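Single chain ahead, written as structure tokens, the form predicted on its own.
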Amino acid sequence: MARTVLEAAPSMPALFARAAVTARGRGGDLPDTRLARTGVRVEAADLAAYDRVCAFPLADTLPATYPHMLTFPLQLALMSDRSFPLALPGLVHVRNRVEVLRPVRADEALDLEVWAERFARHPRGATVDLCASVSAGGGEVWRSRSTYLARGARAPEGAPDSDLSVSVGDLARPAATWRVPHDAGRRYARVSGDVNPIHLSGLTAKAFGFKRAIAHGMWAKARALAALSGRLPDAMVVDVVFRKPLFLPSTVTLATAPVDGGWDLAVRNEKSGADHLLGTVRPLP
């Protein structure tokens, strides 16, 4: 497996632009490539801006979702390359699993690595997993698996079926109600760099088959975890599926229930009750 170490984080707007002009004619197997960065430092101002957008309290440790911010540019570089078999424009994030092996201090130097695996069949197309690992002081401290759906795509012959199942218990009573504003996608894009057009405006979202702009799934996940701040395990697994798109603007509810030292949670549309996000938080075994 080839491993390439990048000197700096790639420009995400440039990667989205490159992916758009090279979208046609893709296919084949997943690339046997890993992208990495070493000695990455978190900027305090960047972390504070992220905390404000996602409603995390300021702290000297990183929120469970923050390392995704650091690894996502590398994942995007992998997906935008011509060797990646699925066209990036229109890819939808449908599941995200994060494992926090220990609290990660905001002042630690971090080594990042990403790769792609598990090309799978889905009733509406094909999925692929983008994996990430973060290490500090010579040991792994965080890892994740993000599953993306390419609607209308075909997985290779013999590929397994996608696994998008996360089981939660009875979550009938809302714990909170949020009004998600029309510019939530643009606000999260400014702190994350994720400028996928489906999140930025109704006009750009319609070009990819959505009636309005939709919120980033990772913002919804972060916002739900922020509501549980101070009540989460130090080492944990946070596994969520993104169901219905969260169109902007919207009013949603958060329902939670304590389970086995962790939580079950759901983010739902206030009017229809449709699930936008279902997830579990469990102490790391």
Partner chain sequence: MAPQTRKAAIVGGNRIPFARSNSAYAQASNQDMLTATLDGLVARFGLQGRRVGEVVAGAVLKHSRDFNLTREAVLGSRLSAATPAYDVQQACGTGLEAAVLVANKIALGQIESGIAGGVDTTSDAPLAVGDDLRRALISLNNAKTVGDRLKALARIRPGSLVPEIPRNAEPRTGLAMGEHQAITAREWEISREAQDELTVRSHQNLAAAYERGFFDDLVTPYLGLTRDENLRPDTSVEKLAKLKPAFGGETGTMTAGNSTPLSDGASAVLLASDEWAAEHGLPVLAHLVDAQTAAVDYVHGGEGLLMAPAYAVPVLLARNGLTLQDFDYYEIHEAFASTVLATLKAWEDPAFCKERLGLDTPVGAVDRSKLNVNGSSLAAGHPFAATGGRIVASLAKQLHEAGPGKRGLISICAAGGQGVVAILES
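Numbering follows the first chain given and starts at 1. Please read all numbers here as calculations on a predicted model, not as lab measurements.
As for the form predicted together with its partner chain, it is not shown, yet the points below apply to it.
Exercise. With the partner left out of view, is P249 within 4.5 angstroms of its partner chain in the predicted bound form by any non-hydrogen atom?
Worked result: No - in the predicted bound form, heavy atoms of P249 and its partner chain never come within 4.5 Å of each other.
For this session: Examine A257 and determine whether its closest non-hydrogen atom to its partner chain in the predicted bound form is within 4.5 angstroms.
Result: Flag for A257 set to no.
Exercise. How about K244: is it within 4.5 Å of its partner chain in the predicted bound form, going by heavy atoms?
Worked result: Taking the distances in the predicted bound form, the answer for K244 is no, it never comes within 4.5 Å of its partner chain.
Exercise. Is D234 close to its partner chain in the predicted bound form, meaning a heavy atom pair under 4.5 Å apart or at it?
Worked result: Answer yes; at least one heavy atom of D234 falls within 4.5 Å of its partner chain in the predicted bound form.
Exercise. Would its partner chain in the predicted bound form be within 4.5 angstroms of a non-hydrogen atom of every residue among P57, D60 and G230?
Worked result: Affirmative, all three are within 4.5 Å.
Problem set entry | Among 44-52, 29-37, 62-70, 215-223, the region lying within 4.5 Å of its partner chain in the predicted bound form by heavy atom distance | Looking at the partner contacts, the answer comes out as 44-52.
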